[in-house]
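Listed next as structure tokens is one chain, alone, in the form predicted alone.
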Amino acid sequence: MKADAALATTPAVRRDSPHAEPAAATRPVKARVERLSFWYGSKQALFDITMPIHERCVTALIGPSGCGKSTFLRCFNRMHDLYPNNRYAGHIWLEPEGIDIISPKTDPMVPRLRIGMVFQKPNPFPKSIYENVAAGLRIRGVRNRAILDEQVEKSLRRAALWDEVKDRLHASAFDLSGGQQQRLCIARALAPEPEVLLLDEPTSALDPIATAHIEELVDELRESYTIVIVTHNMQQAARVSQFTGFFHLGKLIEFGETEQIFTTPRESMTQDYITGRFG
């Protein structure tokens, strides 16, 4: 396939969409990844990754299965600490304070309180809708019922779920559909007022209608949050993100504005991936 023909098959970034925005140099940065490497025991999974995470933007991470996208994402809230023999090198600086998230001197609770995460499959707690959203607040020590009520409603509204559940807040979260459960998990992540929201393939287990709802929600949430999303769906990356990083075999091959990545990639491997030559 010739390059011009191949590029014609790549996902389109709408010129009238929020993706066609000012250059990266004009965007403030919420986190700076510097020479990040990571090991599962003796197996190295990430290699010397450096990239910015721009504030109040959506950054999409794309690449074939097993390329390190989810491993990279989970470094941000120190999830790897939960398992023995895992090891980080490098830095992830959380701005504006310049806190090194992965430093052994940093309490893991610091990034976990400031960075929320939503996983591939909806994972509501075996509790009521209300208690799912309130869970993070209770961990933070919030006991005042009026504050809990206010934050639960606020978070469900932000997750575009309030109107669907406001009359059954004390029903089981398992009574919700798959798409509703995923929005509930987003509401749960938003309730403690995080600064960064990590989404690890949040629509891969959902039908097209539920996927569209989540994508619309992501576009709305970026006005208030810095979002990093892992996705195998390149069309989704093109629709929802302003910046994109392409990973392969644990390395960041290319990072840039989404429109540039999908229309004029600098690296031949990026072009080969987005045009379907491998992956």
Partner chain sequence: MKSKQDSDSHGRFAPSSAFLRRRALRARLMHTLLLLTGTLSVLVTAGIVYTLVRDAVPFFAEVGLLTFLTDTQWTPLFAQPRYGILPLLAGTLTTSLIALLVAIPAGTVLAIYLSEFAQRRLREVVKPVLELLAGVPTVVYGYFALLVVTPLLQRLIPGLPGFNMLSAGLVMGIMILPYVVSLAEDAMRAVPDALREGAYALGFSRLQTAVRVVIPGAFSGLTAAYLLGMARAVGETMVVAIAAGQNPRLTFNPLEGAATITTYIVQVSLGDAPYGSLAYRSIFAAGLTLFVVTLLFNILGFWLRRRFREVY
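If you superpose the two forms and keep the largest set of C-alpha atoms that fall within 1.5 Å, you have the rigid core. Residue numbers count along the first chain shown, from 1. Everything quoted here is computed from the prediction, not taken from an experiment.
One more form of this protein, predicted together with its partner chain, exists but is not displayed; see below.
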{"query": "Partner-facing stretch of 149-157, 119-127, 205-213, 94-102, counted where any non-hydrogen atom is within 4.5 angstroms of its partner chain in the predicted complex", "finding": "119-127"}
{"query": "L113: touches its partner chain in the predicted complex, heavy atom cutoff 4.5 angstroms", "finding": "yes"}
{"query": "Partner contact for R183 in the predicted complex: its partner chain, 4.5 angstroms, heavy atom", "finding": "no"}
{"query": "Proximity of E164 to its partner chain in the predicted complex, heavy atoms at 4.5 Å", "finding": "no"}
{"query": "Non-hydrogen atom contact I139 with its partner chain in the predicted complex at 4.5 angstroms", "finding": "yes"}
{"query": "Its partner chain in the predicted complex - contacting residues of 64-83, heavy atom within 4.5 Å", "finding": "R74, N77, M79, L82, Y83"}
{"query": "Core-superposed comparison between this form and the one not shown, V142 Cα displacement 2 Å or beyond", "finding": "yes"}
{"query": "Shift of S155 between this form and the one not shown at or above 2 Å (CA, core fit)", "finding": "yes"}
